[in-house]
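First, one chain by itself in structure tokens, the form predicted on its own.
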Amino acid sequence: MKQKEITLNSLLNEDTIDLNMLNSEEVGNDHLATSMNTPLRADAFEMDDETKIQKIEQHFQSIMEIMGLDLTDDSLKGTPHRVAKMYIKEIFSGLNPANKPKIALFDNKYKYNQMLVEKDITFYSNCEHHFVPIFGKAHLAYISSGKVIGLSKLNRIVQYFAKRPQVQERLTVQIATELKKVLNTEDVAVVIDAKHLCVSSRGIQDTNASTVTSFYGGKFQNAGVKEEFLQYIQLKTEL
């Protein structure tokens, strides 16, 4: 199946999509982002992590019991706590701004004025419509405006925004927006190629399809610069 490509530069200039006329079933199977910001309540972090884990554990135990599972079984009795801890401390830890990576910049003393590309960043996220995994590769690039960033911080930015309920379009925009802000430059590019288990493991059950999203800012909107970046991310790195 041909990959689906979505270019997201224009999304930054949009507000929200009016969903008043759509019900949950109509929205649920589509990769629809209502805003570039993750939808969070104002009181999202008034409750501490340990309390959240305790409450999720209780609710997940109820879900398992409703499904008819025997929670006295040795294999299942610890599952509610494991799931709750995983949600808060791991796969959705990017919801909490306290977990945002600390970014230090350095002067570009090398006078390197070409693009820097960090490719094949593996990430795992979760579809916000069905809470099943999204996984794939992110490719980032920027042209320095006078500062450079530690390479591992590029990976950390990807992981931070991936570790929350997501749609791929929003994830792409959030990463690009953060890069622009941190590096103080419009010259950033982001391409994400990912598999969605809400497509491959349920619904249409297409195991071959992947989704490609992209953002090109500043100089990367130039056709030649964009093509150079795309050629770099196709390079095979030999170990």
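The model shown is predicted, which means the values in this text are computed figures rather than measured ones. Residue indices: 1-based, along the sequence shown.
Keep in mind the form predicted together with a small molecule is missing from the figure; the text below concerns it.
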Taking the small molecule as it sits in the model of the complex, is residue 168 in contact with it (heavy atom to heavy atom, 4.5 Å or less)?
yes
Give a yes or no for residue 191: in the model of the complex, does one of its heavy atoms lie within 4.5 Å of a heavy atom belonging to the small molecule?
no
Can residue 199 be called a contact residue for the small molecule in the model of the complex at 4.5 Å between heavy atoms?
yes
Can you work out whether residue 127 and the small molecule are in contact in the model of the complex, taking contact to mean some heavy atom pair no more than 4.5 Å apart?
yes
Looking at 39-47, 168-176, 52-60, 66-74, which stretch has residues with any non-hydrogen atom within 4.5 Å of the small molecule in the model of the complex?
168-176
